[in-house]
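Next up: a single chain in structure tokens, the form predicted on its own.
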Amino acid sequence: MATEGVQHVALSLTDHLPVLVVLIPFLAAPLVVLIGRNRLAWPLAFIAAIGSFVVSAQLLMQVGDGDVLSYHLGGWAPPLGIEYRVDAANAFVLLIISAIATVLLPYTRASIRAELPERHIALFYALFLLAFSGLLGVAVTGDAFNLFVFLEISSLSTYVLIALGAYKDKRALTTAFNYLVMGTIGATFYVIGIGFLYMATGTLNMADLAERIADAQGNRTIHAGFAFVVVGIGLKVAIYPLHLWLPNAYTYAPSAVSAFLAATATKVAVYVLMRFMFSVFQPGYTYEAAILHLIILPLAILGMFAGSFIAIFQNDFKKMLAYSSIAQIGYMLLGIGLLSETGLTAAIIHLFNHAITKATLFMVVGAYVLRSGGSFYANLEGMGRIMPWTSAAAVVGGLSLIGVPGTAGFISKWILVQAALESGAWWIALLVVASSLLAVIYVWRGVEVVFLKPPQDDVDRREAPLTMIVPIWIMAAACVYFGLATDVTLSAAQAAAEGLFAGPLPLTVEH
């Protein structure tokens, strides 16, 4: 029987969009290596990113009304075959990833050439495309083991991208190794969890898993599998205190890599957590609800404050933004832990708003690094007078990070406060406001250094090149636009939350 609301795959190009969104950058990566010319590497990567962005936008339009696209690889129907499944939730995530990559790639031209040797430019773009396609694959797949495969594709390429920062700072090598160890542990936990689920249900398709788990409530093997999956993905999300890999990874990676990872990698991991908690498992079950309320919620609140407190005392702009990300991840997890549709909406819209905010700020830091040679506050003194356009974008990003009205960051926190009040947890609403006030302190420290101190004598006194300024301001303008025109992102987030909160989707059995 065909499932109502599910569109089945035909042979037209439009029906192949769920696989094309991943295939375009995945095929472009080896093409960049085979051609081996640095001059052609960037155009190929940029064309691939634009292609994925166009496909992602088309997919979001197709599923915006609550439809679901099901694509069966090789014509093998699930649960035996691998299914790519697109609904409002992961279509929104696909759009975030592809939009960030498309805007960021022009920025990389000047940034990467300043931070990497010429012979590794093509290698960088090949790795970037692999990480990009891996993240897209994680979002689009409907198969639990195939998700692991894409997770490893993105992770392995990310380890090397971070290690490339060793050309400016050798600490990038130990950072990449630490991330590899932590990432491997997380992946191992996830695979063990999937193994438990397969042992108990005999399937790896997420929709089929959801149906069989619903029929096997109280099964301890399934409970163990759920716990392993949460811990494994929690390491990828950087849930406090499983965050130890994140600060140095963002700090010592090349600036363009920091911007891409901060805007996309943890957001995809948060999506995976939501997908398992709401589509594969049912949070109404006592065991899953207990994990959300007794573990995820307290750790989210702890991360909100711990990340902000540590960010206040940093002397490196990149590391301050990295610890700030831990606090912002806390907001997303808080929305999930509230176990309501409004809370889930807040978490999903914060995926988008935090992505554009952190992309703005990390690109700003990369522009500072290009002219000053470092991201320590001592290097950035007085840069507001030397680089006024870059510094103005930094202010916009900082205001969005705080959550000032009129910026995208305000919308996320406003809906999160609404979700807390709807749940009767007024004290959580107060904690959200209090943690936002901490953001004022560390953002002000950056503003003080950049604008209120005299510049160093040995600083390159030029504004960032246009190829960096334009992407920075596209993201900065997005922080303001989506803080004022909230209908677009809010309606997409609400549709995604409704789909996730409705529970598992029915299994598609026809091609």
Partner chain sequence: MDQFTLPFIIGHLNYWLFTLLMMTGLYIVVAKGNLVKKIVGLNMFQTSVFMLYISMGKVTGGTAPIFPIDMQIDPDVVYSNPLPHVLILTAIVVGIATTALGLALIVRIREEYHTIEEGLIQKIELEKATREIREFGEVMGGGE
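The model shown is predicted, which means the values in this text are computed figures rather than measured ones. Residue numbers count along the first chain shown, from 1.
The same protein has a further form, the form predicted in complex with the partner chain, not shown here; the description that follows concerns it.
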Can you tell me which of 358-366, 188-196, 320-328, 129-137 lies within 4.5 Å of the partner chain in the model of the complex, counting heavy atoms only? 188-196
4.5 Å heavy atom contact, A216 and the partner chain in the model of the complex: no
Any non-hydrogen atom of V181 within 4.5 angstroms of the partner chain in the model of the complex: yes
Is F305 part of the interface with the partner chain in the model of the complex - any heavy atom within 4.5 Å? no
Examine L173 and determine whether its closest non-hydrogen atom to the partner chain in the model of the complex is within 4.5 angstroms. yes
Quick check on this chain: which one of L292, L123, I428, A166 has a heavy atom within 4.5 Å of the partner chain in the model of the complex? A166
I need to confirm a contact call. Of I301, V395, L156, A77, which residue comes within 4.5 Å of the partner chain in the model of the complex, counting heavy atoms only? L156
The partner chain in the model of the complex: contacted by all of F228, F376 and E381, heavy atom 4.5 Å: yes
Determine the residues of 148-163 with a heavy atom within 4.5 Å of the partner chain in the model of the complex and present them in sequence order; the list may be empty. F148, V149, E152, L156, Y159, V160, A163
